[in-house]
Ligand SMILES: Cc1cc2nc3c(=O)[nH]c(=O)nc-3n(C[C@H](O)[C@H](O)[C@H](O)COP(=O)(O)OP(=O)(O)OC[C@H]3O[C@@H](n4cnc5c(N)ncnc54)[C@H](O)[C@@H]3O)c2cc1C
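Here's a solo chain for you in structure tokens, the form predicted on its own.
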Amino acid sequence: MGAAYSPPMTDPAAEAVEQRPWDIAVVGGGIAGLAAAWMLSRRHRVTLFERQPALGFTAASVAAHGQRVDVPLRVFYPGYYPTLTRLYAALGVASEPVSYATTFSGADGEPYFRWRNLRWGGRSWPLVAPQDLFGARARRIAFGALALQRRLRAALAGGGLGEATIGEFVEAERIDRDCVEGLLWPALATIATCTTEDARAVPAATVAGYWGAGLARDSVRRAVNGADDVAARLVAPLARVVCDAGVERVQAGPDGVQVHRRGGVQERFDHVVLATHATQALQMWADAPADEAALLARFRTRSLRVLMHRDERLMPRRQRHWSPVHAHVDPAAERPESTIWLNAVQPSLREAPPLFQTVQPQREPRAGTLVAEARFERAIVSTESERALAALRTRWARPDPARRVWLAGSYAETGVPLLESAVRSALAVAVSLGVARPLSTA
């Protein structure tokens, strides 16, 4: 997963002690921006700018059956999300364990593999039930997954992964093809919300880190009151929150940073945090250093479409095969389609009529069943992005008291680009700007 990047200033915390609180602008209301703004507000005056009419972290949430439902649904497990877990604890956000057991079906809609959750308290163990191993393909997938896990663990311990992609690794290790095509690529493309081709290019070390961080023992969890509650707690201490802000560019100078907004509005801040995708940061940062701009240009994103609907046809044909998650794997499609049975994941919806959220849809819900649609951009992790990030971290580690523009986002930390990497990037910025113990609950 990697540690947070080193503060660019020689000793920012010590320098900041003798200074007045700074006026800091955070551009971007996703989890990276919200977390950065909240942590920075412990010492500084913070204004949060969001381009959408509502905070990005909650902008796509939908009202259903008298309550709010996150779009996309956000879950985490503490083993791979330690910084997010600490943030939720500091905020007083309650979380609850949920099942993320999954049924995999082919293009014909027939299930070919299924794993279940054996849960006890906050612990969880993946389980393939005996009745799910009757098919030869299911047995090959299960035994192939065990072999892959062992070999990844051994290679990681021996330092033998290097820059190999997971595609190169499974080929070199001759992992069973049914396991790779039927489980690994669909699961990885679903977790990283990317195409199958993108999944093949993920560094093997990243996959090993994710798989080995407690996935087999920590229960998947969700914030009890959803993203709206998390966002409300994060913005509570801020000086200002400006939605539909229309930030067009930021320009640093010797005495601060000018934030240029739509309509010719300008505001000056001591520092600005660009908590956006790398491509958006590059577009807004008018005077980015040439080497940093070149590195930012090497990061990619992939568009993501999410549908909320009531069409049971996107689940397995027979309800006895339903799991909280259904992965529909069509070899002819560029990415798997994942449908979340919300009633099985969000306890407050348990008694409601069936409600689903489909991520990366390959099939359209039938007319009259669509509740909402949302589109996002997601960072893609690859050997190229890891190299660019390593170079950026070297750049950020150089002492630079004149730095005024800072970067945060899921791309700006190592690992699968999820909520955890976004919050870790925010923590790094807060420490760099003199906030001592940003996640302290005191």
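Note that residue numbering follows the sequence shown and begins at 1. Predicted model only: the values in this text are computed from it and were never measured.
The same protein also has a form predicted in complex with the named molecule, omitted here; what follows describes it.
152, 208 and 385 each touching the named molecule in the model of the complex (heavy atom, 4.5 Å):
Spot residues vs the named molecule: no contact at all.
Answer range among 106-114, 272-280, 137-145, 227-235 for contact with the named molecule, defined in the model of the complex as heavy atoms within 4.5 Å:
Contact criterion met by 272-280 only.
Quick one: of 359, 188, 327, 204, which gets a non-hydrogen atom within 4.5 angstroms of the named molecule in the model of the complex?
Checked against the cut-off, the match is 359.
Looking at 427, 433, 25, 419 here, can you tell me which has any non-hydrogen atom within 4.5 angstroms of the named molecule in the model of the complex?
Only one listed residue qualifies here, and that residue is 419.
The named molecule contact in the model of the complex: residue 414, any heavy atom under 4.5 Å
Judged by the heavy-atom cut-off of 4.5 Å, residue 414 is well away from the named molecule in the model of the complex.
Please check if residue 52 has a heavy atom lying within 4.5 Å of any heavy atom of the named molecule in the model of the complex.
The answer is yes: residue 52 has a heavy atom within 4.5 Å of the named molecule.
With heavy atoms only and a cut-off of 4.5 Å, decide whether residue 396 touches the named molecule in the model of the complex.
Residue 396: no contact with the named molecule in the model of the complex.
Touches the named molecule in the model of the complex: residue 300 (any heavy atom, 4.5 Å):
Judged by the heavy-atom cut-off of 4.5 Å, residue 300 is well away from the named molecule in the model of the complex.
Give, in sequence order, every residue of 62-91 that has a heavy atom within 4.5 Å of the named molecule in the model of the complex, or say none if there are no such residues.
Residues within 4.5 Å: 72, 73, 74, 75, 81.
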